[in-house]
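Shown below, as C-alpha cells, is a lone chain in the form predicted alone; questions about how it binds or moves come after it.
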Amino acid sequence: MKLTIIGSGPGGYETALKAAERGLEVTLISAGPLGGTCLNEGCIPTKALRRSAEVADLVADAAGYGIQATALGLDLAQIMARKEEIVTQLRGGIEFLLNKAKVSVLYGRASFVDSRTVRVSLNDGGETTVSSDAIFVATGSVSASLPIPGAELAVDSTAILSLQEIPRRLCVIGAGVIGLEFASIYRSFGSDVIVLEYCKEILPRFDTDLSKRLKQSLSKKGISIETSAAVQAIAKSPDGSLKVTYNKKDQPQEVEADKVLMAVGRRPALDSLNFADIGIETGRGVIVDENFQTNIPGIYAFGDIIGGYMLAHVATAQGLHALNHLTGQKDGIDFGIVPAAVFTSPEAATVGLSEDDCKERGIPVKCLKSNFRANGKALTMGETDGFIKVVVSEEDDKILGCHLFGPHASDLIHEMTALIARHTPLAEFRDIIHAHPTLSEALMA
C-alpha cells in the first residue's frame, strides 16, 4: 500500500515512521523544515528558552539556597544560539529516522490533483506528482491575529523566538498558553511585562481554581495581568515605542511597550491546500469523522488542521488512529482524556474533567486539594508555590480529573492521566506506594 503524508510535524513524521514499520510505501511532503511548527517554532524552542529563564531565576534567587550569587548577565544571543542547536539536533534525528525507515521525503508545497494524486512544487524549483492509495493531511495551523488597526506592528510567536535584544517593556495580547509562557520567559529575562486578556480569567479553558492561583503567582513575579481587556489598536509613538489601547469596563486604557506579542491563539492552515478543488469539506477546520477520515474516502486529516485540541501529542495520537483505521487495526485511544501543560514558572497542567465541567454535566463530585508547601521535596527545591486538585466522582469514587499548579506539573500530570484512562477509583490509587521524598507524594494527600 502506498501512503502520502502532507506535513512533517509530529503528527506527520511520526505517522510516517509507524506506517513504514508496517510495510507501507510512504512519501512525506514537507513545505518547511522537518518537525513542523512544534520543533521549529513552538514546543521545543519555547522550552529551550524556558530552561534558560529557569536558570536565570535560580541564579537570581541563589541567596535563598545559601549561595552567594554573582551578578546576573544575560546574553540573549547565546540563549538563542542554544535554542537553535537543540532544534538542529532534533531535526537531524528526525531526518536520520526517516532515512532509516526508507520514507521518501519531498520538500515542497503540495496541491491536490485528484483524490489519489498530489502535485508537489519543490522548494528547489522543480515539480513532481505523487499517486498513492491514501493521503493523510497534517499541515497544521498558523498564528491568529486580532482584526485591529496596527496589528501588523506586533510580533507573533515565531518572531519573538528570534529577538536580538531583550525588550525593556513587553505587552502580551492574550493570556492563553502561548501568551503566558512568553510572558513568564521574558519576565525572567528582565522585561517589564503586561498581559492583556479579553476573558475574565487567564487560561479560559482551564480549571477556574488553577487559573486564579496561577494569575496570583505570575503577578507576584512582577507580571501585570489585565483581564476583561478588549484591545482596540496598536500604534507607533514618535519615539519608536508602541502604544496599545484597550477598553476595560467601558473605559479606554493604554499601555506603552517596546515590543507587542500577538498571542491570541492559532487557526487551522486551511489555505495550505486546495481542499475545495476536490470537494473536501471544511468548516473552522477540515471536517473529519471519528477515524479522522474526510468526506472523501482514503483522504484523512488530523492535528491542528482539523481544529480542536491543537497539541503536538494529540496530532501524533490522531495520526496513529487514522493509520490503524486505514490498515484495519484496532486501538483504545480515548481522545476525551488529553493532558495539557503550560510551561510558565511555576508550571500548570490539567487532564480530564474540571469541577466546572462536572457541574455543567450534573455529575456530583468531591474535590480534594493538597499544597506543595507541605511537600518535603518541594521545600528542598525552594518551589513551594502551587497546589494539586483532584476531581473524584461521588457515585463510584473514580478519578475524573486532575489540575496541578507547581513544580514539574507537566510531568506529574501523567500519573493521573493513566489512572483516569484506566477508570481507577481513588481508594485503589491510595494503595499505590510512592517513593519519598518526591513531588508525586503530593498527589496522595
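Numbers for residues come from their place in the sequence shown, where the first is 1. All figures in this text were calculated on a predicted structure; none of them were measured in a lab.
What comes next is about the form predicted in complex with a small molecule, which does not appear here.
- The three marked residues, Leu34, Tyr107 and Val155, fail to reach the small molecule in the predicted complex, with no heavy atom of any inside 4.5 Å.
- For the small molecule in the predicted complex, the listed stretch (211 to 219, 114 to 122, 250 to 258, 167 to 175) containing residues with heavy atoms inside 4.5 Å is 167 to 175.
- With the partner omitted here, the residue from Ile278, Met310, Ala101, Met80 that has a non-hydrogen atom within 4.5 angstroms of the small molecule in the predicted complex is Met310.
- Here is the short version: of Val193, Ile94, Ala229, Leu273, the single residue with a heavy atom within 4.5 Å of the small molecule in the predicted complex is Ala229.
- The small molecule in the predicted complex comes within 4.5 Å of a heavy atom belonging to Gly265.
- None of the heavy atoms of Gly298 is located within 4.5 Å of the small molecule in the predicted complex.
- Looking at Glu197, you'd find a heavy atom of it within 4.5 angstroms of the small molecule in the predicted complex.
- Phe343 belongs to the set of residues with a heavy atom inside 4.5 Å of the small molecule in the predicted complex.
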